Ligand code: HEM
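A single chain comes next, written as structure tokens; it is the form predicted on its own.
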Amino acid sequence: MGSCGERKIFSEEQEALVIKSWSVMKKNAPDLAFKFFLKIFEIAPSAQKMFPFLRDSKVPLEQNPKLKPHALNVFTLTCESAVQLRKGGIAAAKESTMKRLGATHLKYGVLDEHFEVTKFALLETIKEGIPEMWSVEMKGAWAEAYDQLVSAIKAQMKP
């Protein structure tokens, strides 16, 4: 558990909900990933400045050639990390990836509020992406998985 004493257990039921929903969302991952990032920028337009490929771009978001692949990478990593959570914890899944993510998030000045905006955008994207599966339990499962991923990233955010 480390220094995060309040860290909750990710239950088998939560794991099942995340795995089932991700298997459905995977089919539409590029579109959902792009909507996820557009939602982040809608909530927090200033977040665009944190991405070097968007910072000085005069191209609309929808036409930026680097945004869709980046969004897909982030969305897929987030969802795959959630699926792997019970198999020994996210940080244990790929420590090198967590170290890289921690360093990158530190470098670009990512703060708690940025993680919160991203969490809200993720949950809204999942809710809109699979409305027939969405429930309070599903929201709780994804929220817990995201919180644990963020906890693992923050643990690697060392100067």
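Each residue number is its position in the shown sequence, starting from 1. Just so we're on the same page, rigid core means the largest C-alpha set that superposes within 1.5 Å between forms. Please read these numbers as outputs of a predicted model, since none were measured by experiment.
As for the form predicted in complex with this ligand, it is not shown, yet the points below apply to it.
- The stretch among 24-32, 115-123, 56-64, 128-136 whose residues place heavy atoms within 4.5 Å of this ligand in the predicted complex is 115-123.
- Among heavy atoms of H105, some come within 4.5 Å of this ligand in the predicted complex.
- For P45, no non-hydrogen atom is located within 4.5 Å of this ligand in the predicted complex, even though that partner is not displayed.
- Taking the partner from the other structure, this ligand in the predicted complex has a heavy atom within 4.5 Å of a heavy atom of R100.
- Contact check for L17: no non-hydrogen atom falls within 4.5 Å of this ligand in the predicted complex.
- Three-residue candidate spot M50, H70 and L149; every residue lies within 4.5 angstroms of this ligand in the predicted complex by at least one non-hydrogen atom.
- Relative to the superposed rigid core, P30 undergoes a CA displacement smaller than 2 Å between the shown form and the other one.
- Shown in the overlay between the shown form and the other one, fitted on the rigid core, is a CA shift at K68 of 2 Å or greater.
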